[in-house]
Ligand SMILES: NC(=O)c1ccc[n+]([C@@H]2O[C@H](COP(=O)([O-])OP(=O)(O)OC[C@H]3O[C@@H](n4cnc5c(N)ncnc54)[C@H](OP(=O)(O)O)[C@@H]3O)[C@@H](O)[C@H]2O)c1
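Presented as structure tokens, the chain that follows is alone, the form predicted alone.
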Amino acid sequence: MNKYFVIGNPIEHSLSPLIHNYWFKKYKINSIYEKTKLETSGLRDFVEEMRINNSIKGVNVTVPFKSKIISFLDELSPISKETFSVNTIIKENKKLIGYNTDATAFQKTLEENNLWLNSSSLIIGAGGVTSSIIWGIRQLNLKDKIYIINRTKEKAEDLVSRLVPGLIGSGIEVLNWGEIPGVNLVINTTSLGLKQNDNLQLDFKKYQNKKECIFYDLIYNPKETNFLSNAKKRGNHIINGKMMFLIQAKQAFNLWTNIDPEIDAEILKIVNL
């Protein structure tokens, strides 16, 4: 039996095993998908085990390893090179190749919700997925303003400096934490929201009763974080990360199996999203 994993820390919230094991069963593939919590110190050993263990065929990568894992891989897809972020690994002839299905999945959710029509965006956080969010926005909107805030401003500045010039464009600005500009789309890329009492402690009073403003949380479990709940109370439109999660999983499954799985009613029922 072939094995697939999702690695991260924290990992308890991940619904990826439910998704992929359903697809393995549906398409009659003799494989199993599990989640594994790792410390940074164990990342190299896990990758080496993947390299030598013939039963391990693929891995998903979540926070906080999407950039950290790159140095242990043999090759990167073009999008992974541009974003310096990997969330999917495939094994081909002992070579480990990193892909980024976060970026393309986020782009697709922008298209499906007509969010590419927005003229400006605020990204909260500067972790491994942030560059994927920038990539998704820039595929549809090359010129409009993108702001980034992070508790450690230097980390956000370093992230922007590592992006390829064609991805950056001319409209990315790193602001101080707590500095909230007026934008049309606010995206939380941090893991704050996974726990019930998590709160970003940011002041969004200027967005009161602005129905045209969209607050998008990449977190999908819970399906309504405090970030989204507060936005709903203000009268803003809210979107959680469920479709991005499902689309990136669909694309990863396709990379591993060459099967394009269906996001059907049963999948939505299984994950209760």
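If you superpose the two forms and keep the largest set of C-alpha atoms that fall within 1.5 Å, you have the rigid core. Here the structure is a predicted model, which means the values were calculated and not measured. Start at 1 with the first residue shown and count on from there.
Not pictured, yet referred to below: the form predicted together with the ligand.
- Only one listed stretch (179 to 187, 75 to 83, 90 to 98, 123 to 131) carries heavy atoms within 4.5 Å of the ligand in the predicted bound form, and that stretch is 123 to 131.
- Remark: residue 244 counts among the residues lining the ligand in the predicted bound form, judged by a heavy atom distance of 4.5 Å or less.
- At the 4.5 Å threshold, heavy atoms of residue 220 reach the ligand in the predicted bound form.
- Within this chain, residue 175 is remote from the site of the ligand in the predicted bound form, having no heavy atom within 4.5 Å.
- The ligand is not shown here, and in the predicted bound form it never comes within 4.5 Å of any heavy atom of residue 141.
- Out of the listed residues 228, 213, 63, 47, 63 is the one that sits within 4.5 Å of the ligand in the predicted bound form by at least one heavy atom.
- Residue-level contacts in the predicted bound form: of 161, 152, 114, 197, one residue has a heavy atom within 4.5 Å of the ligand, and it is 152.
- Positional change of residue 195 between this form and the one not shown reaches 2 Å or more at the C-alpha, relative to the superposed core.
- In a rigid-core overlay of the protein, residue 248 has its C-alpha displaced by under 2 Å between this form and the one not shown.
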